[in-house]
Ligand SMILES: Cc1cc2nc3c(=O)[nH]c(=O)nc-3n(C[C@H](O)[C@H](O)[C@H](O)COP(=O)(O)OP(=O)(O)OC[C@H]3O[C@@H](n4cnc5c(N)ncnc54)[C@H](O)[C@@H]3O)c2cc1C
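Heads up, the chain below is alone and in the form predicted alone; it's given as structure tokens.
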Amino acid sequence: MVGAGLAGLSVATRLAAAGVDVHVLEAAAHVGGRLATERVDGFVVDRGFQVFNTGYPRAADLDLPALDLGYFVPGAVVRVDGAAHRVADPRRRPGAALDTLRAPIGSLPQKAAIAAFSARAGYWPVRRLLGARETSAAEHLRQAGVGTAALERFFGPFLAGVLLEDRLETSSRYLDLLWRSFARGATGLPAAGIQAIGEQLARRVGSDRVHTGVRVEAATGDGVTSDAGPVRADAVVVATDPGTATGLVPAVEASAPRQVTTHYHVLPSSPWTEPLIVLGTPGGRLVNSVVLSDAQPAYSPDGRALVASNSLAPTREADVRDEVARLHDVAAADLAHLTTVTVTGAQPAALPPLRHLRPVDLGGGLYVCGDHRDTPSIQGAMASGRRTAAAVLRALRPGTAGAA
């Protein structure tokens, strides 16, 4: 195995459970790939704003109670003319129903269209969703009748923070799959940071089988060459970021053009009474801002509020400080800058036509996996790993029923 991100670890856990002698080589000093966490002045700081959604089908592969997730309220705060308006899923937050009905995101018929869109994405069979005519996410929402106000004030900034693109050019089919996870699951953060997801999978593989700080320089179907020396194998899985994958396996076509800059600030206390993401406003630099410690108190060492604010273009902290303050209705002087993280190659694009089941078996004992073979998400990475593990087991043990 080359790469200890979620895709590679998902392969490795299944192969190890099947009794295969699997070893994972990871160039970084930690497991988890893009899901990385560090501590800055005692605060838990993820590499960019990342969350875990329990609505992902592959959430079933994790021990969720062990992650000790802290959850956000399903919804967002929309700011219009300086006023904050709460928009929340009335099925799970009945007390927010009146606020949502009053929110300036369209007429009552348009709000009914939003509810209908959510019900369709959440409860239609996946096969039916994927069989619908494909278009862009923006056009899909227009056809659903959600209205211009909801597009500009709610869906636009909310989805920009997830898709890392603000034109909503993403495939309508991926939007349906993504919205399905929001409609069916809860969004949260592990107490130890987002990296804890990869660490949990790595423990299942075994510390003696996961080797960090080892850079692979070449990979073929019968072995790899690394800076620690050559390794012979019956099968090799390349489970790296797209750029590294295309360098090791030129036949692979993959890229991760999306990027995000996250500014972390500390406030003496949270200005909010519940954990809701605050959406950016049209014309602003930020797509969203959120008090992470409202959802996951373990992110703060002393009860102060940890705020993460995200822009799609690289921004300086000084350029967004006033905007962060306005979104949270606090004084800019109260914001203490903790750190800023820019993540390039944050995720692949999912433009139409959606190719969410790209081949993982390249032949000759060589395999490739990652969210670039599926959908650009934690779900996509883990689903790609599941498919790859099944393919490897079929090759190593022909005729084995129910491989992986």
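Here the structure is a predicted model, which is why all the values come from computation and not from measurement. Position 1 is the first residue in the sequence shown; the rest follow in order.
As for the form predicted together with the ligand, it is not shown, yet the points below apply to it.
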Practice task
Would you point out which of 341 to 349, 37 to 45, 64 to 72, 355 to 363 contains residues with a non-hydrogen atom within 4.5 Å of the ligand in the predicted bound form?
Solution key: 341 to 349
Exercise for the section: Decide whether residue 240 counts as a contact residue for the ligand in the predicted bound form under a heavy atom distance cut-off of 4.5 Å. Expected result: yes
Problem - 4.5 Å heavy atom contact, residue 214 to the ligand in the predicted bound form - result: yes
Problem - Contact test in the predicted bound form: residue 25 vs the ligand, heavy atoms, 4.5 Å - result: yes
Exercise for the section: Indicate whether the ligand has at least one heavy atom within 4.5 Å of a heavy atom of residue 367 in the predicted bound form. Expected result: no
Practice task
Between 37 to 74 and the ligand in the predicted bound form, list the residues on our side with a heavy atom within 4.5 Å.
Solution key: 47, 48, 49, 50, 51, 56
